[in-house]
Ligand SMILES: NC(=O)c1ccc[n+]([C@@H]2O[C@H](COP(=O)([O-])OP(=O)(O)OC[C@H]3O[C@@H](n4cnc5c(N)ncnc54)[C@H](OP(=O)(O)O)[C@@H]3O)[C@@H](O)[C@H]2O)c1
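The data below hold one chain only, encoded as structure tokens and taken in the form predicted on its own.
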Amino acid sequence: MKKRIVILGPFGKVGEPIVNLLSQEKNCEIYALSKLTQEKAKHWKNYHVNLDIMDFTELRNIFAYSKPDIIINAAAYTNVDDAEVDRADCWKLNVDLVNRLVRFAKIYNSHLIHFSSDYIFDGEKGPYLETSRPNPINFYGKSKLASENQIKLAKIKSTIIRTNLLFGHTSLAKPTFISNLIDSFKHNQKVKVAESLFSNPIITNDIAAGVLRVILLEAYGIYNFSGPNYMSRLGVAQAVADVFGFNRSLIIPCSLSEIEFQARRPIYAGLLNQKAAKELGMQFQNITDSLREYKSIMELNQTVRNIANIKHFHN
């Protein structure tokens, strides 16, 4: 019997690779909820459902129709600086929406898979375990911790996946720290990069593979999905330059105080992934291998675009 899976945020940085992977599974029936826009139209598939996830009446109706076995919440307000100002919108998406999903999970006995962040920690003693004590220092982190607490208190079948500095391909070219670096390097622009802000970079394809394991193993609880390399933003920038063949001289190391942030950042953040390795059998790629995979995907997509342009020209 097919597993019915509702996914929120299917065009997001985490959601899209999950949808791409699960859509290849024969025993999955996917309902990928997103509001149809002109930008999304050419990437729209038969499993996409045109729906505003913040319209809770619409949301209730699709859940009543699909009665999902699994709910994957890959929708979130992720702009850390804007969250300091736009607190109401951040809370609505990161907390109020999750509250609704918890209710639906109770009604339909669904397994709720939710994404959280290393920003629930203060960044004084990272990288962190699943059992480490949270202490967020910005509003985004507080909203993610609040969503975790709602799920934990609900006593439903749930998996909270914490992740951190992520990167990967999306159809809508959603920006990340690493994609922004690459764009700057391509245009021979110098980039100021903090010598601090430590994390464990991870490619989103690895996150998707981990989600599939969680589903197959019916693994409940909290799991850290993170790469094996614990590095500063400067270290990440240098790895990007090396793998993509850019000149390291474009990178200008600086202190955190030289970068204007609206929100405080946890300096020694990051996550330890031993639990996911042991219980799920996950082997997350190191920074070099994951950047090479990312580079290959970018080159393949560029080739596809070039072919499409040639065909369009000849037509």
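Start at 1 and count along the sequence shown; that's the residue number. For clarity, every value in this text was computed on a predicted model and none was experimentally measured.
As for the form predicted in complex with the ligand, it is not shown, yet the points below apply to it.
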{"item": "Stretch in contact, per heavy atom within 4.5 angstroms of the ligand in the predicted complex, of 62-70, 246-254, 46-54, 282-290", "value": "46-54"}
{"item": "In the predicted complex, the residue from L129, L217, A173, I107 that sits within 4.5 Å of the ligand by heavy atoms", "value": "A173"}
{"item": "A83, V236, A75, V211 - the one with a heavy atom within 4.5 Å of the ligand in the predicted complex", "value": "A75"}
{"item": "Output flag, F11, K144 and L165 jointly within 4.5 Å of the ligand in the predicted complex, heavy atom basis", "value": "yes"}
{"item": "Distance check, L93 to the ligand in the predicted complex, heavy atom within 4.5 Å", "value": "yes"}
{"item": "F198, heavy atom within 4.5 angstroms of the ligand in the predicted complex", "value": "no"}
{"item": "Interface membership of S116, the ligand in the predicted complex, 4.5 Å heavy atom rule", "value": "yes"}
{"item": "4.5 Å heavy atom contact, Y140 to the ligand in the predicted complex", "value": "yes"}
